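Just the one chain here, laid out as structure tokens, in the form predicted on its own.
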């Protein structure tokens, strides 16, 4: 169960299963039979459950903990139906989950930052702060959560940032009241969201994305209902292509939680992937990642093709060099009008026109220098940078983590993917150009890494793609004290802009396996 319901497969656990079977499950009866045994009060209510609100992943973690620790007996379909009910009736509004969606979308290289240093030290030292931010509880429930932590993890008072202070007193007297104030159960946002109309999901969607190590892609996603008894369950097909011309063909399913939380599983070109999106009216946004390697994922945005407002999601690639012809793909919806580039950019010819994309050959002159939106008929948006020469590049992410793995063990390797983000200078100052090709290499980050020969043991990076593959797990007899293949490396990108060489440097920590990988880190 640990692997099945871990972080990489959370979307699978939420989106899979028989929709019809789940629809036939009587939730009130199920909760009365399985939950009330431990949680009911004298009035027949379930106060512990009814005083909390969480994301689908948060409720999944809670239910699985009941199964593991308290022998709660549930079938897979019963668990999915129960999580669906709890997320729908006691979830988070879109504005409540917005600040920490990086955790739901498995953006593993996010560096968290919170205003409260005390919150960081008391809560975010053992798990992500996002796990807290993605909950709402009553004041009593926040206090009970403190007691649960100490009962479940009694050594936490003796760990770093615990033994140097009166942890329990601080947690009860300062942290719990602060959480009850900042993440209150009865937030107005949730009340408004429950009363708002839900956007339709079935239909055609124009989808735009970017996969580090591969590049841009676009597709049409067709969404159909799975039957009258399958509320919020949908079948998906995807038909598109990558920027290099490779076809993108997919098929799968999705479940909508809380009216906007999209969780899908699809097979694209033979690779199983998961989708974690948020629906906002006739658009959606989020991330799609490989099922058993959630570090490999794409940023995705989509707009309804049927019934939605016209909008441009992206221009692929996002830049034009002055004086050079280039093929641009405009992705969006409502793209049936005249193409209007900014002054100084000329559309030489239209190569392809489809409901979700327009492919055009374009040429830019010097007067177009800078960043612009693009318009096709009434649809407007995207971002097109016109540049003469690059000023600098930066490595993104600037700080990343890879993990050794494999070598006969259960945990696979966790790779890292880097891109070179370019910038240029114009009349209005510096502006972003977009991701550009670069030559990649790694070197020891500091003298300690050089002394320990991290470069020889930690792994290798592909010079053309920026994909770093860590070494095998386990003790290495060739290293000092037979330590593992961890390392501290500098990641170096090099490219040419305006006739001069540009370079940038990031940091990569290659570390050991993560054995506990919950849906919310």
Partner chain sequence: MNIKTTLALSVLLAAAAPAARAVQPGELADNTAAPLIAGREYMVAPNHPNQLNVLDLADNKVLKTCALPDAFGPGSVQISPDRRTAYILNNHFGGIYGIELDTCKVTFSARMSLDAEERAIAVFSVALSPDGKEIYTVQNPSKLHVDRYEVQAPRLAVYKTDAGLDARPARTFPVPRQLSLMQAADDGALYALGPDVYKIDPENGKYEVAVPLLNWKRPGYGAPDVLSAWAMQLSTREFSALYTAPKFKDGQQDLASADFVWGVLSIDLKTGKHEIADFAPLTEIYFTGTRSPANRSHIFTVLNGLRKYDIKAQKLLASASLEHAYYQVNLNRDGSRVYLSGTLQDVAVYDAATLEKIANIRLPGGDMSLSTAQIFVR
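Residue numbers count along the first chain shown, from 1. These figures come from a predicted structure and were not determined experimentally.
Here the subject shifts to the form predicted together with its partner chain, a form of this protein not shown in this document.
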Of the listed stretches (419 to 427, 156 to 164, 130 to 138, 279 to 287), which one has a non-hydrogen atom within 4.5 Å of its partner chain in the model of the complex? 156 to 164
My question is simply whether residue 197 lines the interface with its partner chain in the model of the complex - judged by any non-hydrogen atom within 4.5 Å. no
I'd like to know if residue 353 sits close to its partner chain in the model of the complex, meaning any non-hydrogen atom pair within 4.5 angstroms. no
Contact with its partner chain in the model of the complex for residue 39, defined as at least one heavy atom pair within 4.5 Å: yes or no? yes
Determine whether any heavy atom of residue 170 comes within 4.5 Å of a heavy atom of its partner chain in the model of the complex, and answer yes or no. no
With its partner chain left out of view, choose which of 147, 325, 241, 192 has a non-hydrogen atom within 4.5 angstroms of it in the model of the complex. 147
For the stretch 46 to 72, return the residues whose heavy atoms include at least one within 4.5 Å of its partner chain in the model of the complex, in the order they occur. 48, 70
